[in-house]
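Presented below, as structure tokens, is a lone chain in the form predicted alone.
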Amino acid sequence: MRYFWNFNIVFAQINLLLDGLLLGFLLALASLMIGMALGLFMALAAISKHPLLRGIARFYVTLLRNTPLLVLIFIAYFGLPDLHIRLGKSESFIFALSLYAGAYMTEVFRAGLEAIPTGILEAGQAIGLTPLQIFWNIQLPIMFKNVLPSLGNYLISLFKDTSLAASITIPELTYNAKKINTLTFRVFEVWLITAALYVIACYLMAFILRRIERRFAIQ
């Protein structure tokens, strides 16, 4: 049986796919920002001198990194209402993805902080800087410069993970593609175009992020 390709019927709905692509990027960006804040807090706990804080950070990282993201999404969207915590679809997804991202950011930031030479910190102490000033003016800038490539990679990874938002009917790219597929029955065309949009978006993000990394590298 010969298959007759018809991409025009899908391209007629391209605005719907592009809207979903943009929403997915915004979900990933919001989750990365929140995940970075959470990851930095947990990284500081992981390298602290207090065993309790180190234990909390280790438990958080172990639990979240070994729990499937889809399970976290279902817990946030379907489980939290049983605890009288009601979030919208997008908020539930960002909450779950942020927790997931935070576990990975914890390890990235911990490694970045531990990689800073102690001599630099001792120099800050020698000129009379307080621990907070050393952290804010020395440790934080150096750490972010060192982990910038990893942050870029995780942003791209989180963007691809936003396809799971379709499981709770958030109208990102994958959900809208499923909707178009149901209406048109053009399975190959819909998913080939969807895959192409993901590839193009990820490539552009990687290109821009590499340019940013090179800019910071020469400073």
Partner chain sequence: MEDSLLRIRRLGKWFGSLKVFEGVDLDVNAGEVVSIIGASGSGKTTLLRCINLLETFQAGSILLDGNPVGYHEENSKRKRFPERIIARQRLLTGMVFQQFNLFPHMTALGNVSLGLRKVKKLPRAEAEKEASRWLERVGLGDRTHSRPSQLSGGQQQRVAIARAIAMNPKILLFDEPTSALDPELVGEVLNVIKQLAADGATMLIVTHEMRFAYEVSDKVVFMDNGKIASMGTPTEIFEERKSDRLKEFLSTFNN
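Just so it is clear, the model here is predicted, and its values are computed rather than measured. Residue numbers count along the first chain shown, from 1.
What follows is about the form predicted together with the partner chain, which we do not show.
Sort through 71-79, 99-107, 84-92, 114-122 and report the only stretch with a non-hydrogen atom within 4.5 Å of the partner chain in the predicted complex. Result of the contact check: 114-122.
For the spot marked by Gly152, Ile156 and Ser163, is every residue within 4.5 Å of the partner chain in the predicted complex through some heavy atom? Heavy-atom distance to the partner chain in the predicted complex: none of the three under 4.5 Å.
In the predicted complex, does Ile138 come within 4.5 Å of the partner chain, counting heavy atoms only?
Taking the distances in the predicted complex, the answer for Ile138 is yes, it comes within 4.5 Å of the partner chain.
Contact test in the predicted complex: Ile142 vs the partner chain, heavy atoms, 4.5 Å = Although the partner chain is absent here, Ile142 would touch it in the predicted complex, with heavy atoms inside 4.5 Å.
* Determine whether any heavy atom of Leu148 comes within 4.5 Å of a heavy atom of the partner chain in the predicted complex, and answer yes or no. => It does not: once the partner chain is placed as it appears in the predicted complex, Leu148 has no heavy atom within 4.5 Å of it.
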